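Have a look below at one chain only, the form predicted alone, in structure tokens format.
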Amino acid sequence: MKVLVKVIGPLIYKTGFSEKDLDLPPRTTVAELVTIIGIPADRPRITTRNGKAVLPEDEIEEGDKIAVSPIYSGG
């Protein structure tokens, strides 16, 4: 299945891209995707699918737009 993955901020250096179309096996979870793109599982992050937060165990679906961002704080 095809999905669009966007990574934000310093995660670009970990993955080597800022935006990429990926072809994933059916039933791939968010946690599996994060591992596939090279982000360590223990790295704090926020992952969204089509603009809404998702859990690591949620499955990705054909055509999803996934964004992975580091957690930021401050004001």
Partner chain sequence: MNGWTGNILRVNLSAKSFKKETFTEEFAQKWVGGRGFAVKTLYDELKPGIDPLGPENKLIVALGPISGIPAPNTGKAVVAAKSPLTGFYGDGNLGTRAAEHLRKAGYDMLIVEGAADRPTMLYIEDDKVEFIPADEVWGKGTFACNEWIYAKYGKGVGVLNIGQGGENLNRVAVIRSLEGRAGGRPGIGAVMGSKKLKAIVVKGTRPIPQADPAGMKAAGFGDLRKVGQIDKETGWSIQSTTGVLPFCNEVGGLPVRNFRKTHHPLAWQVDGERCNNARIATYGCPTCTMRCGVTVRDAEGHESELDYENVALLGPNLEIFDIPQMASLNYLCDDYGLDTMSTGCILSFYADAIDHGAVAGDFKFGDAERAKELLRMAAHREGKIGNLLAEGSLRMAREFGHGSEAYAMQVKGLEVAAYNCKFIPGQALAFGVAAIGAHHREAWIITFEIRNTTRESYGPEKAAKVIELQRIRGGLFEFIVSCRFPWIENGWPLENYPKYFNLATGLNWGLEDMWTVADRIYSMIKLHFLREFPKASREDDYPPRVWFDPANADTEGPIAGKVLELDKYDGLLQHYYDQRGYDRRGIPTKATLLSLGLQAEAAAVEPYATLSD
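None of these values were measured; they are calculated from a predicted model. Positions refer to the first chain, counted from 1.
The protein also exists as the form predicted together with the partner chain; that form is not presented, and the subsequent description refers to it.
Asker: For Thr29, is any heavy atom within 4.5 Å of the partner chain in the predicted bound form, or not?
Answerer: Thr29: no contact with the partner chain in the predicted bound form.
Asker: Using a 4.5 Å heavy atom cut-off, state whether Leu22 contacts the partner chain in the predicted bound form.
Answerer: No, Leu22 is distant from the partner.
Asker: Even though the partner chain is not shown here, does Ile36 get within 4.5 Å of it in the predicted bound form, heavy atoms only?
Answerer: Flag for Ile36 set to no.
Asker: Gly63 versus the partner chain, in the predicted bound form: is there a non-hydrogen atom within 4.5 Å?
Answerer: Answer no; every heavy atom of Gly63 is more than 4.5 Å from the partner chain in the predicted bound form.
Asker: If we check the partner chain in the predicted bound form, which of the residues in 1 to 25 reach within 4.5 angstroms of it by a non-hydrogen atom?
Answerer: Lys6, Ile8, Gly9, Pro10, Ile12, Tyr13, Lys14, Ser18, in sequence order.
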